[in-house]
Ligand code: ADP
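One chain comes next, on its own, written out as structure tokens in the form predicted alone.
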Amino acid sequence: MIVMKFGGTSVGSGEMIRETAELVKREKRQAIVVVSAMSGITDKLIDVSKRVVDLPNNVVEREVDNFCRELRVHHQTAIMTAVSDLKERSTVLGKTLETIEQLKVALLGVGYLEDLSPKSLDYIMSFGERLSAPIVAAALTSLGVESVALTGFEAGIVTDSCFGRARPRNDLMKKTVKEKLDPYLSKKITPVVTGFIGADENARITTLGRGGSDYTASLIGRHLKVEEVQIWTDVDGIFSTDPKIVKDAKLIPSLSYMEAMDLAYFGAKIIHSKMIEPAMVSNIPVRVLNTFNPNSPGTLVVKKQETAESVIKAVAIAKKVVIINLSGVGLMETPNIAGRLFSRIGGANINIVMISGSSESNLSFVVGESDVEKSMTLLKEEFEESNIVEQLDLVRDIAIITVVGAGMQGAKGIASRVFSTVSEAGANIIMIAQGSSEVNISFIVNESDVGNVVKALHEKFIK
């Protein structure tokens, strides 16, 4: 038994949904299919949600009607191409209309109330997958593969109630996933599960964070103890760096869990960083494959760390990040200052990407651009009535570059060689961090230097 996850481009049109269904049909093993929303739909749902909040009430209904009409046409067009069986086509067309009506009610509510809470946004974002999964299931049934479309919750994905970036309740899912899916699997029915979304114990819809469909696939794989989790995307696998920057970037045939996790965390967007942990816990191989080139061997992610001929296997780039600097003499005189800071930031569900302290009176950390405003507000609330922090500064237009490779463990002088290469490329290093796994070194440079630095590192260590 395997899990096959298909991303937005793999279900991006009626033609691609049909191709995806053919790939599932050719699989000899029992499959659980996990799907994303059709490409671009989640972004559109977020955009319209935020837009209607700021519109006058007399404009909201027209805006929502126009959006829902476009969404309906988009999915109906896909259905007409993807689903050949007339009965299945009629059924899924009806289901699509019903689902879009539910979305319309939610958008009107948000617009009229002029309030978009994280809970409401999760509910609205869920409609992308709730529209795509039934189409994929109908396409499979049209090909003779009996299928059923399920939401994440209907497949046993239970989370906490942290809307926007919910955490899975593995203590509950070790029972719920099997209970929900076994009745279908025992009858050889292929479940098509909405990725990215689950629900809390009260059945309120939650999301696992952007890119969370990979996470859904891995969680199902863990709790069903499957043979393999496959991530089907639009590239041949994981490359040694971004091919848009280095044209001769190499396809990496095999990575360890730790290497893949570090690459995903620090910018390689082929897989979601959180999806590695459930697979690693159960020692389930993860295979990254290309829907558009299914004969490519892809990249296999496994437990064993294989040292390549080169010490470094890959270079990852993470953009859209910002450094927040805190400075003040009070920092070194105040116990547990870091604990207070990180508790406040973490309590707001903000991910801190990197941390650095250049002196006792200075503390720096990195967050995503989208979390900067919220982070600054929380820090000012925490420290505004004291003299602990004298200054809060932001450093923008930067990028994190991470070099990854199992061969770095115990390798002498690797850091100095990396930083010498960066210097020779004409770049200044702003911040440095090394993970406890010892298979990565991360550092920050100005965004304008990224191209030269990545090319120099790839040339020196990988090519």
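Throughout, we count residues from 1 along the sequence that is shown. Keep in mind it's a predicted model, so treat the numbers as computed, not measured.
FYI, the form predicted together with ligand ADP isn't displayed, but the following is about it.
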- Note on the structure: Here the chain appears without its partner; judged in the predicted bound form, the stretch of 336-344, 388-396, 168-176, 230-238 with heavy atoms within 4.5 Å of ligand ADP is 230-238
- Looking at 188, 87, 320, 244, which is the one with a non-hydrogen atom within 4.5 Å of ligand ADP in the predicted bound form? 244
- Picking from 116, 350, 270, 145, the single residue whose non-hydrogen atoms come within 4.5 angstroms of ligand ADP in the predicted bound form is 270
- Looking at the partner-bound form in the predicted bound form, is residue 9 within 4.5 Å of ligand ADP by any heavy atom? yes
